[in-house]
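Taking the form predicted on its own, here's one chain by itself in C-alpha cells.
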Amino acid sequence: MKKTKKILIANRGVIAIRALRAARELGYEVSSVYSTADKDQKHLKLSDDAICIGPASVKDSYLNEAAIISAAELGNCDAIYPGFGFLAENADFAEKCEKSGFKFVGPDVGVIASMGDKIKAKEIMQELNVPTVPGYDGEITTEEQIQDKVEKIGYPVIVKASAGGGGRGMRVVHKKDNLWDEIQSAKTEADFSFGSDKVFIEKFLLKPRHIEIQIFGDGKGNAVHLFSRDCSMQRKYQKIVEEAPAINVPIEKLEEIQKISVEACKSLKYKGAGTLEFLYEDGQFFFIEMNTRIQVEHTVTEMITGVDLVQSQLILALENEFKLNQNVLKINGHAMQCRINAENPKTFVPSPGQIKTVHRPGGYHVRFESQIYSGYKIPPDYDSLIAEIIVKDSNRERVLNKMKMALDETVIEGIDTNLDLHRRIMSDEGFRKSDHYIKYLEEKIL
C-alpha cells in the first residue's frame, strides 16, 4: 500500500491555514509547529499532530532551524513547507532540510542564496537582460566617495538593505546634505533586522507603480508565467491592496516583461513558485527584486487563473510533477485582495488582544483567508496581518463594488483593525480610476 505523504507546516497564521487546506485536498497528512504564544491557532486543531518548538520569541521558535527539523523528524514528515516570512528564503535552512532527508518546498539552495542578496540578484538579472533601476552597488567607503557616485545617478535616490525586505533598511534621500546620515541610519536598521549592514543605492522613481510577474518553474529549465499583479497601494513599502492582472499598462509592455521574466527563470532553472517585482514608470519596467517563495498576494493570481499555487508547490515537491502549460493558462476576470491588519486605524500601532466576534463576508467568488475566530487571542509577538479578503468578478469596476460589499459585511470586534481604511480606499476616486502609485496612500488618502 502506498504511503500517504506528510508535510510539516513551518509557519503560522494566514499561510499556515492556507497550506493545511491545500495539503488536505491533495490527501496529504499534516504536522504543524507552534510557539507557546500560538497554541490556539486554528490550523493546529485541524492538523494530524502539532509540535511546540519554543517560546513566543521568533528566534526561539519560528526561526529555530534545529527545532523545526526535529519536529519534522518527530512527525515522520516527507517535506517542510516554509510559506512566506521567517525561514522561507533562508538558503541555510533549505540546505539543512535537504541534508536531513526532507524536501524543502521551494527553489534550490543556490537560487535562494543568489536572489536573497539584492545586489547579486540585480547583477544576475542584468546578465539575463532584465531591465534594472540605475544605481550603485559597490563599496561605500567615505562620504565624499559616495556623494560623487550619487551625483552621477542624480537625486532623489533610495538607500536599500541588500539582505532586506518589507521596507526595512530603506531611506529616500532628496539632497546630498542628508545622504551620509541616511546611509548610516539604513545600515543600522539593516544590521538589526537582517544581520547584515550592507546597503546599495538606486535612483528613486517619483511616482512608480509596483508590478509583479508570478512565475512557476520545474527546476529543469521549464517555466511559465501566471500573468501580472499590481501592488501599488502601499504604506511605508508594505503592501495593503493587491490586484490581478495589472491594468493601465500597455498589453505589449506586459507581454514583453512576462516573456523576459520567464526566460530569466528558465536560465536559472528555477523551481516552484516565485515572483519578479518591478517598478513601472513612464512606459518602462525596472527590476527591483525576486521573491523565491509564495507571496501573500498569490490569492489574486489563483482567482484569475484557476490555478492553486500552493497545491502546485506541493505537487512539484512531493510528486515531482509540473502540470502548468503556458498555452493553457488564461486570464479570467479581475481579482483584488485587501490585507486586514490588527492595528490602530490612525497610528497603525499593532492591536493584539482577544477577538470577541468575527463575521466573515460571503458571496460568489469571495474568499476570507484567516486563522482568526470568535474568542481567539492575537498575540503581540508577530506580524499584524490577521486576514485576507479576496474577491473576483468579470471586470475591475465590479470587483471594487464587490470588495466594498465584502468589507461592509466583515465584522471583527474586540480589537482595532484597518477595515475602515480599506473602505476609504475602495471609495477613493483616484484608486477607482487606477491612478495610484506606491506613495499614493500616504500622499492622497491618509
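One rule holds for the numbers: they count along the sequence shown, beginning at 1. Not measured: the values here are computed from a predicted model.
Same protein, other form: the form predicted in complex with a small molecule, not shown, and the subject of what follows.
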Note which of Ala113, Leu205, Val249, Ile146 lies within 4.5 Å of the small molecule in the predicted bound form, where distance is taken over heavy atoms; exactly one does. Leu205
Which listed residue (Val150, Met170, Ile260, Met125) meets the criterion of a heavy atom within 4.5 Å of the small molecule in the predicted bound form? Met170
If you check in the predicted bound form, is His298 within 4.5 Å of the small molecule, heavy atoms only? no
Quick check on Lys160: any heavy atom within 4.5 Å of the small molecule in the predicted bound form? yes
May I ask you to state whether Asp117 is within 4.5 Å of the small molecule in the predicted bound form, using heavy atom distances? no
Should Lys198 be counted as a contact of the small molecule in the predicted bound form, where contact means heavy atoms within 4.5 Å? no
Option from 274-282, 252-260, 349-357, 327-335 whose residues, in the predicted bound form, bring a heavy atom within 4.5 Å of the small molecule: 274-282
